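Single chain ahead, written as structure tokens, the form predicted alone.
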């Protein structure tokens, strides 16, 4: 009978972390930032149907990067948890901190006990009732929660994008200024992002109880100052020789 190979626990954890980090880094990034009217969430996402940013509850939004099927399952579970808790108790009892804790516990258990960790990073954002009370929770693949003050960066080259955001962030800036700075931080100096390359949503206090709203292509182009992309025209076929 052959003896199984022994692998030190430290090496197992290191290998799982490297595996998850590589999977997340291959994806496109997402940035959330606080502005004067609420919370802005911008993701580099050319797909119009596979959303990285979604509504969880009245004043709570969800963002995910990494493997779509994995973070979308977490989104669905978060919606069910929030609906059940709001129905059983009160809508005011549903908050981002408890939801972030549940996500962290689940991701931590998978990372520790399962063979393959989830290749995802999660954002849970909650709009406060007044300026200065908004909350951004960044949950990593191994279950670590970070309570971000001004902005959160997930996926891709997160460190470089965070440095650009830190250099341009202004406390209390307006939506247009925040959007342009965030898109510039995502794009970097060597490329540009057009409205159809982006998925943008806001949690705005002006929207009432259902604070979540997606920013459409026309509004996004106006905020960014981009001219609409001209429609493609088919070239007429040259007449065939007689």
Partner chain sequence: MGLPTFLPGDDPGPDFPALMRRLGRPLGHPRLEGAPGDPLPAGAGANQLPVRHGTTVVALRYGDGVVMAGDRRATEGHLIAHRAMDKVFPADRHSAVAIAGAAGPAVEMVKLFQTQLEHYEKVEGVVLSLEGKANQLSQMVREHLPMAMQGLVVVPLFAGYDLARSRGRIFTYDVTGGHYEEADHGATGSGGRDARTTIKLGWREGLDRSEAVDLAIKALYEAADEDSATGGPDLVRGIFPVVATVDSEGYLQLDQGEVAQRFGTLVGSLGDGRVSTPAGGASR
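Keep in mind that what you see is a predicted model, and the values were worked out from it rather than measured. Residue numbers count along the first chain shown, from 1.
Separately, the form predicted together with its partner chain exists; it is not shown, and the next lines address it.
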property: Site check 57, 81 and 91: each within 4.5 Å of its partner chain in the predicted bound form by heavy atom; result: yes
property: Contact residue in the predicted bound form, from 74, 165, 158, 145 (heavy atom within 4.5 Å of its partner chain); result: 74
property: Selected contact from 210, 26, 194, 180, since only one has a non-hydrogen atom within 4.5 angstroms of its partner chain in the predicted bound form; result: 210
property: Partner contact for residue 103 in the predicted bound form: its partner chain, 4.5 angstroms, heavy atom; result: yes
property: Partner contact for residue 153 in the predicted bound form: its partner chain, 4.5 angstroms, heavy atom; result: no
property: Interface membership of residue 139, its partner chain in the predicted bound form, 4.5 Å heavy atom rule; result: no
property: Residue 99, heavy atom within 4.5 angstroms of its partner chain in the predicted bound form; result: yes
property: Which of 145-153, 82-90, 165-173, 119-127 lines the interface with its partner chain in the predicted bound form (heavy atom within 4.5 Å); result: 82-90
